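A lone chain, given as structure tokens: the form predicted alone.
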Amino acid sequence: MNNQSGPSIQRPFSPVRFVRNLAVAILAVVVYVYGWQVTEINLQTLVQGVGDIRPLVEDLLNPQVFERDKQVVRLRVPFPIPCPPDYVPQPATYKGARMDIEPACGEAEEVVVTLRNGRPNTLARVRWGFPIGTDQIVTQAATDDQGNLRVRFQRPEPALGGLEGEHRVEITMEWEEGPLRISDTLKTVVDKMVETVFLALMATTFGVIFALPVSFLGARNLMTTTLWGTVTYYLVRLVFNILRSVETLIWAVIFVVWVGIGPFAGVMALTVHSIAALAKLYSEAIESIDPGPIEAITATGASRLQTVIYAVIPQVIPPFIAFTIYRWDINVRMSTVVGLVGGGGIGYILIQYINLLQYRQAAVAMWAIVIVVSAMDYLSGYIRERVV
């Protein structure tokens, strides 16, 4: 047995090729270095910000699927600036709990808040309210086993700046008690998720109805046999490209202005994009069919319509079904996005939860989207296997 290998062939050194490859490598390095700077990538900030994202991740992993009755206790003491003559501070009381502040008014920069006989081992948030009606959280801490709490904090910046009027210091304690029940958030999310699925279904249906006939006008092998057919082909293709180049979110904004906020605007936005996308896919499927049946039927003297019905449609039905199911899957995912700009569906309430910093409620909507999209993916795959 001969184990000798054949003679090795080495490419001769080429200075031109070496310089060209070196120039390409240098250009690639320059492009990525510039791209790193333009996109302001900062890995140090990414690492340092891990602690800030932890509360958000905890809320997302703890969706508000079930809930108990929420109890809220608020104790509020006014804090006049400047201190009125003969002002006598009154402590705030509620069901045995008592809140005092020191000093009770004036220009002191540091304030001490004391809570007695509150609810034991409960998080208490201390807010500072301003005369203009706004407020901000200045500190928070948990009460001890006896329900007592003592915190010290600096007056917030607007108050330090001499904003005169009646300010207020407030302690808020919230907790849940009673039996578990399905949360109102889950009921709302389920209702909006059903709306989202049907929003995608209606958009896909309308998209198929309009895309199916025009796709034949955008097929090169059917339309470029005559001058007017060629002109029609390029015009139809131009319309496809224009409609597809505008993102679904932009269409959603347009239709929200046109027909108002709600699922109808979302249906119209997805329909327009679906028409362009499906028509392009359908026309490409028509262009890739076997020309043999077309030539055979044409040779019998059949008209153009008869050729399409008997030679083209039987070949394109399987890919048409596959593309339609795939587009429905896409529209289910996109319908969750168009709601962010007022197009209805689950995205509409998701953006409201996020804007209100209600991340546990937002987590319910996000997990519902994941479950439904995953189920739709498996369902569409099963249908493609059975039908196509």
Partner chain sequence: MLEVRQLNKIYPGGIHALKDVTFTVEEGEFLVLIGLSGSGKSTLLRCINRLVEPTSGQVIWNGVDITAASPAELRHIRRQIGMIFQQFNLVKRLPVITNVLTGRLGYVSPWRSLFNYWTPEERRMAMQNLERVGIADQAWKRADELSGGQQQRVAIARALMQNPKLILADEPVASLDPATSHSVMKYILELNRRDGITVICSLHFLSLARQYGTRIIALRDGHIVFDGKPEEIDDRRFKEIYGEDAVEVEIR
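Residue numbers count along the first chain shown, from 1. Being a predicted model, the structure only gives us computed values, none of them experimental.
Although it is not shown, the form predicted together with its partner chain is what the next lines describe.
Remark: residue 301 counts among the residues lining its partner chain in the model of the complex, judged by a heavy atom distance of 4.5 Å or less. When its partner chain is considered in the model of the complex, residue 242 lies well away from it, no heavy atom lying within 4.5 Å. Contact check for residue 311: a non-hydrogen atom falls within 4.5 Å of its partner chain in the model of the complex. Of the heavy atoms in residue 89, none are within 4.5 Å of its partner chain in the model of the complex. Although the partner is absent from the chain shown here, 295, 305 and 318 each have a heavy atom within 4.5 Å of its partner chain in the model of the complex. Checking 209-217, 233-241, 285-293, 174-182 against its partner chain in the model of the complex, the stretch whose residues place heavy atoms within 4.5 Å of it is 285-293.
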